[in-house]
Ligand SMILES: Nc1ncnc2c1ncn2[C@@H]1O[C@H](COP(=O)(O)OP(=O)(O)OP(=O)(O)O)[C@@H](O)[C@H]1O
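Here you get one chain, nothing else, as structure tokens; it is the form predicted alone.
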């Protein structure tokens, strides 16, 4: 349904700062999101994954590349037409505390986008109320308990559900969930993740899930595709479970290795600890491997030639790929 080809985003250097170069936040990223499908992007902060989501949601303009939605290249459209077309893609913000206007009630927050849709469809205020109740029920909230309240009167989990409900008011085909559970209490995260999973399975809404949490990506992105991104480039991609169980790239292995092991309940993988060394933030030449300054397995070739993304179902960008099992497994009952 959605196909991204060679997506690139370059942010210009800030004026007045000598020695600062333009920043390539996203570099030649390609992926597709099928109908009712799931694609997850994982990586450290600053890797470019949020920029990809913002571009897809129409909040950033790509420097180059193409976005195809239902066979239409939206990057070739006039801006106003492109904005209307990209309404099919809705962003779920990371911070539910800032995503809602504190001076407006939940009814007003949901009603504003519905008024626009109602005008376009020739509907009346009764339709707006019906639609408002419908989207709230979809996200597991009783309308009467929240419509007359302000955001500060709700819990973090309720606010994030309201943010999701607001995204649903325009009948999106794709939800872009950018760290959608990172700002809410741990005890409430599973409920929101299950909601995203249910929206995909029950209503056929596709999902672009952006996270640094591998476990969340595995849960929400079941039977989907996982992309590991580093400094704006995809360095490994493939079926979610396959990437997690059989990672090729040392960076992927380091991310998975950082997941804590439940002592007494899980057995660490045979190659459990792959260190994630500190990033010196230096610019890496285009002719070498991006990850080699931090890679414990780097060899001479890594410092002389940048590896290309190779492979079809399970792709990786590494000169010396070795599968290492780093994820923990449930410990068998010994008693």
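Please read these numbers as outputs of a predicted model, since none were measured by experiment. Positions refer to the first chain, counted from 1.
Keep in mind that the form predicted together with the ligand is not shown, yet the notes after this line are about it.
Of the candidate stretches 45 to 53, 27 to 35, 292 to 300, 66 to 74, only 45 to 53 contains residues with a heavy atom within 4.5 Å of the ligand in the predicted complex. This chain appears without its partner; in the predicted complex, the one residue of 327, 315, 318, 23 with a heavy atom within 4.5 Å of the ligand is 23.
When the ligand is considered in the predicted complex, residue 179 lines it closely, a heavy atom lying within 4.5 Å.
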